[in-house]
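Starting off, we have a lone chain in the form predicted on its own, written out as structure tokens.
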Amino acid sequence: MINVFTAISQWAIPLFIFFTITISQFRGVKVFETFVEGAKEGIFLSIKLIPYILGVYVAFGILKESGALIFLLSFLSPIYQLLGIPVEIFPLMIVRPLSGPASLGITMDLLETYGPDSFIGRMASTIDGSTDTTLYIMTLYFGAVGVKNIRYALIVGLSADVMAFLSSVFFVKLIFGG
């Protein structure tokens, strides 16, 4: 069975590209010219986004180096203990909405320390896979299109993160115990 999934995963992207090009040809789209035009726009967009990305990383670095992250973790620890969430997961839950690479570093550290098949390793992997870098994405996408009034996007995004965290804890405990 695993061989079937491996074969499907190896062929999925090449087949998707093949069908996209084939359908585009039938619709009269100049595929290569469109690709080149999109690549040009992508380069200019990535340059335009550098200040926003830099701002997110600087803000996270200040939060971490100032000790505010540790203070926040200790402030929230009674809530986590009440929910039965291991204290080792706290930094991942705080950092995940801010930075993908930082949260991946925390997850890697947890996997090296406790092992991928441990309860903490499984919970960290599930949280990393089921949540997103909400603040980073909002900064990036809203910055790219010049949105200044985010209205309810922040509340909805962070609410989705909280629900994903709680769902991850619930399902990891349900499936793997702990």
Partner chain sequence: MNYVFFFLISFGIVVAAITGNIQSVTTAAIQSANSAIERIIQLMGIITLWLGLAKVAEKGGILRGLARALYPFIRWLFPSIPARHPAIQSILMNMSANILGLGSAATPFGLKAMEELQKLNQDPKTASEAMCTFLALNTSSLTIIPSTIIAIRLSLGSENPAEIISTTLLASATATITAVLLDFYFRKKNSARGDGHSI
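Residue numbers count along the first chain shown, from 1. Keep in mind the model is a prediction, meaning the values are calculated, not measured. Under this definition, the rigid core comprises the largest set of C-alpha atoms superposing within 1.5 Å between the forms.
Unshown form predicted together with its partner chain; subsequent notes refer to it.
K.L.:
Given that its partner chain is not shown alongside this chain, does residue 83 nevertheless sit within 4.5 Å of it in the predicted complex, heavy atom to heavy atom?
P.N.:
Residue 83: no contact with its partner chain in the predicted complex.
K.L.:
Should residue 87 be counted as a contact of its partner chain in the predicted complex, where contact means heavy atoms within 4.5 Å?
P.N.:
Residue 87: no, not in contact with its partner chain in the predicted complex.
K.L.:
May I ask you to check whether residue 76 falls inside a 4.5 Å heavy atom distance of its partner chain in the predicted complex?
P.N.:
It does not: once its partner chain is placed as it appears in the predicted complex, residue 76 has no heavy atom within 4.5 Å of it.
K.L.:
Does any residue in 110-138 get within 4.5 Å of its partner chain in the predicted complex, counting heavy atoms only, and if so which ones?
P.N.:
Counting only heavy atoms within 4.5 Å of its partner chain in the predicted complex, the contacting residues of 110-138 are 111, 112, 116, 117, 121, 122, 125, 126, 128, 129, 130, 131, 132, 134, 137, 138.
K.L.:
Aligned on the rigid core, do the two forms place the Cα of residue 60 2 Å or more apart, comparing between this form and the one not shown?
P.N.:
The answer is yes; the displacement is at least 2 Å.
K.L.:
Using the core for the fit, does the CA position of residue 30 change by 2 Å or more between this form and the one not shown?
P.N.:
Yes, residue 30 moves 2 Å or more.
K.L.:
Do you see a C-alpha shift of 2 Å or more at residue 120 between this form and the one not shown, with the core held fixed?
P.N.:
No, residue 120 moves less than 2 Å.
K.L.:
Given a CA distance change of at least 3 Å, are residue 109 and residue 58 closer or farther in the predicted complex?
P.N.:
They are closer; the C-alpha distance drops by 3 Å or more in the predicted complex.
K.L.:
Quick one: residue 154 and residue 55 C-alpha atoms, closer or farther in the predicted complex compared with this form (3 angstroms or more)?
P.N.:
It is farther: in the predicted complex, the C-alpha atoms of residue 154 and residue 55 lie at least 3 Å more apart than they do here.
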